[in-house]
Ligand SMILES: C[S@@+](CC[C@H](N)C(=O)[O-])C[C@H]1O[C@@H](n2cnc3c(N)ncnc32)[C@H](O)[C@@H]1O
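One chain comes next, on its own, written as structure tokens: the form predicted alone.
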């Protein structure tokens, strides 16, 4: 456990889950279907945000906080859009975690590297609100338990500008497949972290699986030359599927374990902490952008 982690791990009900994940190399027809599904917006967690009432507006609890949604960047009720655009226009290296969950890894990265910019995507809005509370507690120099974080996450009236105290970390509850193309410029990202994503075991749920040929295209467009994709899973076959998809993309080099040094020390995600505690293996992959 790193001294940088603001809140200790709590007991969880994690389980190992299924391990019979299987896959085969994609046929031309399967690749074409993956792109057709992507263009149709299929598989987005929560559905197409365009179809939600008031999608161009921030939720009241997100105004004037380091939170954004791609369709609400022009919402003038808060400083969110203008502040985020200014940060993205800077030369600060950008790291993005997709699916930050409880946020342990991302918070630790932001504390270790205060001169970088960090963005986290998490489709669970409750987890996003709890993460906002943790960011603000950290900015105020408080160490609070999960119960306090949950109560703070329900509060709307907070201190005026956490951005001033902790400008390096922003979060969104967009599905990254929808939000990234609309909010982040091409070649802007130094490192993508995708740690323990849901494998979506069932064939009928495969369209929800994060990694697909068009998603790898998206990563290739957003990460800068010399940048990196950092991926972990406790499902070996899912890791090998990701390796197959990424290594078959011309923008990425083959998995190189030596690139782990580029990440350096960090606290594990809550899931990885559970795996370590219970002696479960974890597979890590590092892919450099050519």
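Numbering follows the first chain given and starts at 1. Remember, it's a predicted structure, so these values are computed and weren't measured experimentally.
Just so you know, the form predicted in complex with the named molecule exists too; it's not on screen, but the next bit is about it.
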query: Partner-proximal stretch of 115 to 123, 80 to 88, 216 to 224, 129 to 137 relative to the named molecule in the predicted complex, 4.5 angstroms, heavy atom; finding: 115 to 123
query: Of 72, 107, 98, 94, the one that lies within 4.5 Å of the named molecule in the predicted complex (heavy atoms); finding: 98
query: Close approach of residue 188 to the named molecule in the predicted complex, 4.5 Å, heavy atom; finding: no
query: Interface membership of residue 45, the named molecule in the predicted complex, 4.5 Å heavy atom rule; finding: yes
query: Contact test in the predicted complex: residue 181 vs the named molecule, heavy atoms, 4.5 Å; finding: no
query: 4.5 Å heavy atom contact, residue 196 and the named molecule in the predicted complex; finding: yes
query: In the predicted complex, residues of 202 to 239 near the named molecule [heavy atom within 4.5 Å]; finding: 210
